[in-house]
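A single chain, nothing else alongside it, follows as structure tokens in the form predicted alone.
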Amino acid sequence: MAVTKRALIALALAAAAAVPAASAFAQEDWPSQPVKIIVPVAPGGTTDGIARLLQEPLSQRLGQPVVIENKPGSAGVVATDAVAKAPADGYTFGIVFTSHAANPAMMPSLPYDTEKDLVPVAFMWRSVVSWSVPASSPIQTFDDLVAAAQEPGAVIYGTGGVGQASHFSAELFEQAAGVEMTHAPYRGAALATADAIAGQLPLLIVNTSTVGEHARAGTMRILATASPERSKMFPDVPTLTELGYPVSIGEFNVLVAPAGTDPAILQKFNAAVREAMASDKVMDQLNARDLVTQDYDLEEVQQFIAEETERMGKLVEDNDIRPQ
């Protein structure tokens, strides 16, 4: 049964208040020890890199060290489960990405309940998803790609894996254009990119931060992006929406906490993250990686996750998408 957006938001807000509020003294005293952020990937890469970049400005605002703990595996499930089962004392947070919104529909046997065991706290960033072809490809424009896709399954596209924003952008495009392409999911965007550069993959759908250097070097040609706004790296490249296909999606990073964490603590942490994300040092790196942040308050980030969970769940069910 589909869960409405209003119901999801209500569940998230209820989760934040599930445990009686801590004493006024405890609220004012938080944090009195290091705060841990569990990262769902191995060291290196964008998610880990931005998390570590946040450590110093976030520590300054909280007045306590911020510790990064990497727990990669299972599309973020390993790390998210650790957060869900952590004490709801305001000292454990975790990063989730786009697959978090899709996992409840893709993985019915999750070891936690996404809505009941976790509460979204702060928005970090969203990436720009690009659609590109090898420089040697006869496909010169997005119209050429649409024409080639008229034959069902004729266009093969590669992504970093099932359930990523890149994959969902293709599913959304297929629905909007009334075409059917063939998905070749890789175990990481770097592998897909290598095959595309070698001419072994006709269409590559990954973040611009991954394919950007190859586009600038002339070995790949970006046809369009799947984001709400144009890429900062490639401002001349149109969005799919501008081309007539209402596709708006990107990989995102959002911080979550165990359900029952004191709402006053969540508010304070949300404010600290927003200030840290807006610092010059962090913004410079976001711009360099073609990442976009949003200044969401606590209710807005909870609404964002509720909407994404509803949208991704429908996509998964409509297209019978399962992890591989």
Partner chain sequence: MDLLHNFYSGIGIAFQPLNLFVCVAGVFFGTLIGALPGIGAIAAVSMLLPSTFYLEPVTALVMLAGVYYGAEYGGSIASILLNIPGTTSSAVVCLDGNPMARQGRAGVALLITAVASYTGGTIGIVLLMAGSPLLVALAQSFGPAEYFSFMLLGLAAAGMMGSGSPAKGLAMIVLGLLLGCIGADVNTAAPRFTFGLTHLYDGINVIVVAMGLFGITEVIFGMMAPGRSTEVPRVSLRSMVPTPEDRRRAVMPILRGSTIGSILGVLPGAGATLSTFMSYSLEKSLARDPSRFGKGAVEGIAGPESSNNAAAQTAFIPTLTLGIPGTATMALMLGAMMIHGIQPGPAMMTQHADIFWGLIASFWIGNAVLLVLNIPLIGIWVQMLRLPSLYLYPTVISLICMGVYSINFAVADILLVLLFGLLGCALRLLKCEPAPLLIAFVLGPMMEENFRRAMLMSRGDVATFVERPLSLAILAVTVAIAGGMLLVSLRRRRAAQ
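Positions refer to the first chain, counted from 1. A quick note: this is a predicted structure, and the numbers were derived from the prediction, not measured.
Another form exists, predicted together with its partner chain; not displayed. Remarks below refer to it.
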Stretch in contact in the predicted complex with its partner chain, which is absent here, among 179 to 187, 133 to 141, 240 to 248, 114 to 122 (heavy atoms within 4.5 Å): 179 to 187
field: its partner chain contact at S209 in the predicted complex, heavy atom, 4.5 Å
entry: yes
field: in the predicted complex, P263 touching its partner chain (heavy atom, 4.5 Å)
entry: no
query: With the cut-off set at 4.5 Å between non-hydrogen atoms, does Q200 touch its partner chain in the predicted complex?
result: yes
message: Can you tell me whether R221 touches its partner chain? I mean in the predicted complex, with a 4.5 angstroms heavy atom cut-off.
response: no
- prompt: Looking at its partner chain in the predicted complex, is some heavy atom of each of S74, D195 and A217 within 4.5 Å of it?
  reply: yes
- prompt: Going by heavy atoms, what in 278 to 307 lies within 4.5 angstroms of its partner chain in the predicted complex?
  reply: Q285, R289
